[in-house]
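Just one chain follows, in the form predicted on its own, and it is written as structure tokens.
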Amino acid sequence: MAKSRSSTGRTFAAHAILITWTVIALFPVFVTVINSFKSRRAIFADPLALPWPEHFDLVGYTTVLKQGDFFGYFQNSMIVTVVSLFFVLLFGAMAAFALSEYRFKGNTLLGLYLALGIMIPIRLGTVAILQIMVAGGLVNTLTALILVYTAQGLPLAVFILSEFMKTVSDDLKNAGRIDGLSEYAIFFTLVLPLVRPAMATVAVFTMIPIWNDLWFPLILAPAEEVKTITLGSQIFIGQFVTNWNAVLAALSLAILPVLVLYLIFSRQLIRGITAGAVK
């Protein structure tokens, strides 16, 4: 009886902590969205009030769609994010498969070297990265952002995927080799389908920093035609006057792709996180 009460108490405490953390995390999103549907005066009068009919106003969204090239910014962000995510998952999975499957001299050392990328922020090398991009003529191109974000996401992808790939049965892979499958066929047809939860986890954790980043777009791709949505939203922030309706509307629209991605991969994401917790 005492054990049951203790277990119930721990469960209640854990749920209370998780609910509190969820409320804290979602509160800024809630405030941003509700204020994007209100007039400027209503925003400053009561920022926590819901957009009731007397305060409801779509001026922020109309400003975003008319001023600046919002759809162009959105397209640039989508291209950079999707292509970077593809390369991170592809190259990260290949590197993780090699590190987990093959034993060679320096295997562990190479894994530790890649893990350093998780601990050392890529922004520390901004000056060197900018010099490389200038020398390669890649400044003000989406290619520069894709290369940087791919390099940024690979260490975490290799670290997570290699641990999951170690759990794939050797008997399954050896059976594929006996049947005449090449190493590439084993990787794509046998291993990858079994680590889909881990791939979804990597995809979510990789996409969000890329989509929200302002640092590298501002430094490497500030030109109007290659601005991302985060950088493009800055046109509504002035030195003396800030159009908060447009800023909040642009940020609300920028949240949508992240929510859609989470809804698509939520089940796989939870499976990947829980599987990693069990291990």
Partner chain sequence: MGALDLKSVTKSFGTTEVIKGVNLEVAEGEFCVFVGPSGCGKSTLLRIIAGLEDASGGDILLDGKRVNDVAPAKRELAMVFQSYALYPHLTVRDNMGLALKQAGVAKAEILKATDKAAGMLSLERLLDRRPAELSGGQRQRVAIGRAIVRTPKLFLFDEPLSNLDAALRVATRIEIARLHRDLGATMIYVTHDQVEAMTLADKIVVLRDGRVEQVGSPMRLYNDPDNTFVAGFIGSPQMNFLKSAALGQMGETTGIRPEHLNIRHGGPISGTISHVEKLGGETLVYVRTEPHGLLTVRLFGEHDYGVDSTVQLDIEPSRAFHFDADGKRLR
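All values reported here derive from a predicted model rather than from experimental measurement. Positions refer to the first chain, counted from 1.
Keep in mind the form predicted in complex with the partner chain is missing from the figure; the text below concerns it.
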- Candidate spot 171, 180 and 194, all three in 4.5 Å heavy atom range of the partner chain in the model of the complex? yes
- Just give me the single entry in 189, 167, 131, 108 that has a non-hydrogen atom within 4.5 angstroms of the partner chain in the model of the complex. 189
- Query: Which one of 176, 125, 72, 117 is close to the partner chain in the model of the complex, taking close to mean a heavy atom within 4.5 Å?
  - Reply: 176
- Pick from 90 to 98, 181 to 189, 159 to 167, 201 to 209: which stretch has a heavy atom within 4.5 Å of the partner chain in the model of the complex? 181 to 189
- Query: Within 84 to 119, which residues have a heavy atom closer than or equal to 4.5 Å from the partner chain in the model of the complex?
  - Reply: 103
